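A single chain, nothing else alongside it, follows as structure tokens in the form predicted alone.
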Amino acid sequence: MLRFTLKRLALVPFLLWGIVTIAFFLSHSISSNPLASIVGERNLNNPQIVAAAKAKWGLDESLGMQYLLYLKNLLQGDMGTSFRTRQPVLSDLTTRLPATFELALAALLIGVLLGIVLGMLAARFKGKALDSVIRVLALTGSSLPIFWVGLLFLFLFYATLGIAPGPGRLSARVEPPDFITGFYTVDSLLAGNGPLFYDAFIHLLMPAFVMSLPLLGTVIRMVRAQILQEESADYVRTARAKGLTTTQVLNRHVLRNAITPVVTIIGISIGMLIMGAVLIETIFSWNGIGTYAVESARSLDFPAITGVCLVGGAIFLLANLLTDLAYAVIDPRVRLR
């Protein structure tokens, strides 16, 4: 497994280089002028201001030279300076990423844990009313667009019933905790501030649940189908013939084999949840990397766009590597070479 891990890690720099190259040239191929967001529309007719802006941001160089300079700076840990925020892109991403990670990890926990439990219940009560209810929930979660569900939940639970908090990571007039991890729930706990933790937690629940719905539906259907398939296998009949109860057969034999395909879904979902948080962050005013990507794209902020693509690519590569390693841990029949 060590050899396999080292081989995969050795490929990461080349894959990231490819991602950076594609993102750089795609973002620079847009016909619109980024100077409009740098100097403003009114100053575009002023040659002195335009020339000064081009020289400052390196836009007076050829595209090839800009690319080489970007790679040179990137190797030194410099991802450039954002046209829009005037801050280093690395600093912007470091500030925004914890919010997205907190939201995505909460959605992942809800989708996986709740999905496995409901999938097991659906398989256990196959053909009964509970099975039908869970299958409808799974189908609904997989088919409804999450932006529509998010707006519906806000209208119903916040605006109409008033039992859920509004958009944002904290209530209005509530100060965020001191930055330690960037996770408001964790930082408030580390600070020993119970009321602040509760406020951050209830603000996290609804967007995380809405974000988890596609994954929840997929995990429910996959776990149910895998358990029903495994229960008809010979080794399960042998285990029952030895006198094991249904619960013992399920926990000791069926669940472990049935959950292996779910690992693939989880690995893919980690990257998709983090980089696909644009809609949820926009609807719930979540100040994460998704809204940062949208704002950067609107203002043709080339360094920020390339930085987001680079981080997203790194997250996908890491998630895939962890998925491959998890296979070998869960299923001893899998041997990585």
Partner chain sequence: MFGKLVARRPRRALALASTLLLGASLTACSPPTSDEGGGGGSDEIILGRSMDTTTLDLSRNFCDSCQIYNGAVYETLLTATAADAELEPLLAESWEANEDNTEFTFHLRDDVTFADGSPLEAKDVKWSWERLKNIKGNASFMMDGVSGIDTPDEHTVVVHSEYPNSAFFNIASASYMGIINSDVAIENGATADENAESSDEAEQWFMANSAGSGQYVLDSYQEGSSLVLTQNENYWGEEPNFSKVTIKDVADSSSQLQQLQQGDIDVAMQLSFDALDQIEADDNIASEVVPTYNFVYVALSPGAPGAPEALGDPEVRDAIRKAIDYDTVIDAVVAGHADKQSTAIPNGFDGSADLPLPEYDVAAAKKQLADAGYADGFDIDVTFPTFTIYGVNFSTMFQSIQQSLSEVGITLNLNPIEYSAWSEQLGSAGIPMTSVYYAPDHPDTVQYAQYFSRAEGATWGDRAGLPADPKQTDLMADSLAQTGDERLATLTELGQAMYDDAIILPIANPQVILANGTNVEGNNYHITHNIDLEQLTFTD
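Every value quoted in this text rests on a predicted model; they were computed, and no experiment measured them. Numbering follows the first chain given and starts at 1.
Same protein, other form: the form predicted in complex with the partner chain, not shown, and the subject of what follows.
Taking non-hydrogen atoms only, Glu230 never approaches the partner chain to within 4.5 angstroms in the model of the complex.
Interface residue remark: Pro261 is not counted as part of the site for the partner chain in the model of the complex, having no heavy atom within 4.5 Å. Using a 4.5 angstroms limit between non-hydrogen atoms, Val174 touches the partner chain in the model of the complex.
The shortest heavy atom separation between Gly267 and the partner chain in the model of the complex exceeds 4.5 Å.
Of the candidate stretches 135-143, 248-256, 69-77, 218-226, only 248-256 has residues whose heavy atoms lie within 4.5 Å of the partner chain in the model of the complex. Within 4.5 Å of the partner chain in the model of the complex, a heavy atom is found for none of Thr21, His28 and Gly58. Interface residue among Leu113, Ile180, Leu244, Leu105, judged by heavy atoms within 4.5 Å of the partner chain in the model of the complex: Leu113.
Of the residues Leu300, Val278, Leu310, Met272, just one reaches the partner chain in the model of the complex with a heavy atom at 4.5 Å or closer; this is Leu300. Along 35-49, residues Ala36, Ser37, Ile38, Val39, Gly40, Glu41, Arg42, Asn43, Leu44, Asn45, Gln48, Ile49 each place a heavy atom within 4.5 Å of the partner chain in the model of the complex.
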